[in-house]
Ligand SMILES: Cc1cc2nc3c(=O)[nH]c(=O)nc-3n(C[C@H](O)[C@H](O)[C@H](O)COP(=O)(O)OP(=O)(O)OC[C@H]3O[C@@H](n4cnc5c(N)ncnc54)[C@H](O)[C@@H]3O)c2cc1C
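Shown next as structure tokens: one chain only, the form predicted on its own.
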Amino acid sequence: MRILVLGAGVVGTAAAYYLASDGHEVTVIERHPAAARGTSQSNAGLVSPGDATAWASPAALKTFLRALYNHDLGIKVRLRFDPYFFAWSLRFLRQCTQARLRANTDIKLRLALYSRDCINAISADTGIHYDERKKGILYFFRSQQSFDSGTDNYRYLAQHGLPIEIVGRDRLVELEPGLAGAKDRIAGGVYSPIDQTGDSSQFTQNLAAYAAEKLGVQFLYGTSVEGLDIEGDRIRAVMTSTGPVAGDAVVISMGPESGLLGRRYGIDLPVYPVKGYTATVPLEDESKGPTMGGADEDQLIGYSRLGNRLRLASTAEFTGFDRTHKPSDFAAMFRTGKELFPGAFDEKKAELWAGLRPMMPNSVPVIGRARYSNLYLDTGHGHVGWTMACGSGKFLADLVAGRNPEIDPQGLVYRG
């Protein structure tokens, strides 16, 4: 088949790789001038099954409501007239039960563990590199109270297949010498040894180059999707800024824009953009930086070591499709970074970025056929899109080929 993939982020590029590996003729349509220039351009750099806990929970309900009036939280909600946001919020609130939290987390964890293996298999099979480090990730807490209560979710993940070690501050610093200067600020944490880190932008660009050269995937960069040409129950072509592109099947992997396109054609796809901020800064003294990835659970800031660079990431802001940022948006991030790794970097040299994560109300991506007989979805991966992208691509390719996916599809296959 000739398959059109809409979007050359890490999700769409991974899908294109697996579909082309199955022998399909694949064309990727991307509005940016290169791969990974949108959502996949920057994130915390964490490939983190340890972060598989779904956002929607009884605790998140309280945080979500507080964010309506307290803009100092890591989660920020800017009230504005947006009927789509209110509809999304109602769906989110319906997921904020203990039963839904566990069900959604189970699905995310299975996909995240599977996807981590897929990322490593792609790297081994293609030889591509992306400043990867396979040393694990530390999730730590500053107070004894947050440490005691915060480990519950990780214990649940451990019961369902994630290896973890709950560590005190001495063991934590033994694992991560870079945190020695902040030892007294940390009560303890959770070490997930199978988690890893890497630059999603490098991965996506290198995989796109490999797919084009070795698998014949055609990338139409600088080409915007304007609509779908539909006849009966099939899509005949994708209408683009450079004209129609015909295909036998279409995959929507357009990040936060997926919902906008889907709604035009009656597809129930409640993807909403959640804005995140990152700063990437060269390490002035590499010995003072981290050796692995981590997350400050009290400050809601993640970080990773990417070669000789430090990546900091923070904030989940509901502000529509606004991608702008200003220096003050990064103040808390730099303050925390300096507390954790004093003397490691000069914030004046940082590359600042803000982008949108495509979030589903239940934190679970949507994969599978949607409404039309030859239309597929692979989108809605939210804050752990880098972690779940490759597993989603393999899962989608299995569905297109009529194979039974290697992981349990219940709850993951799109049924809208």
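Numbering starts at 1 and runs along the sequence shown. Remember, it's a predicted structure, so these values are computed and weren't measured experimentally.
Although not depicted, the form predicted together with the named molecule is the subject of the following passage.
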Hey, in the predicted complex, does Pro358 get a heavy atom within 4.5 angstroms of the named molecule?
yes
In the predicted complex, does Ser224 come within 4.5 Å of the named molecule, counting heavy atoms only?
yes
Might Gly368 be said to contact the named molecule in the predicted complex, defining contact as any heavy atom within 4.5 Å?
no
With the partner left out of view, is Asn362 within 4.5 angstroms of the named molecule in the predicted complex by any non-hydrogen atom?
no
Go through 178-186, 216-224, 86-94, 154-162 and give me the stretch that gets within 4.5 Å of the named molecule in the predicted complex, heavy atoms only.
216-224
Residue (of Val281, Ala313, Cys118, Val250) lying close to the named molecule in the predicted complex, criterion heavy atoms within 4.5 Å:
Ala313
Scan Ala52, Val26, Leu377, Ala44 and let me know which has any heavy atom within 4.5 Å of the named molecule in the predicted complex.
Ala44
Going by the named molecule in the predicted complex, which residues of 378-396 come within 4.5 Å of it through any heavy atom?
His381, Gly382, His383, Val384, Gly385, Trp386, Thr387
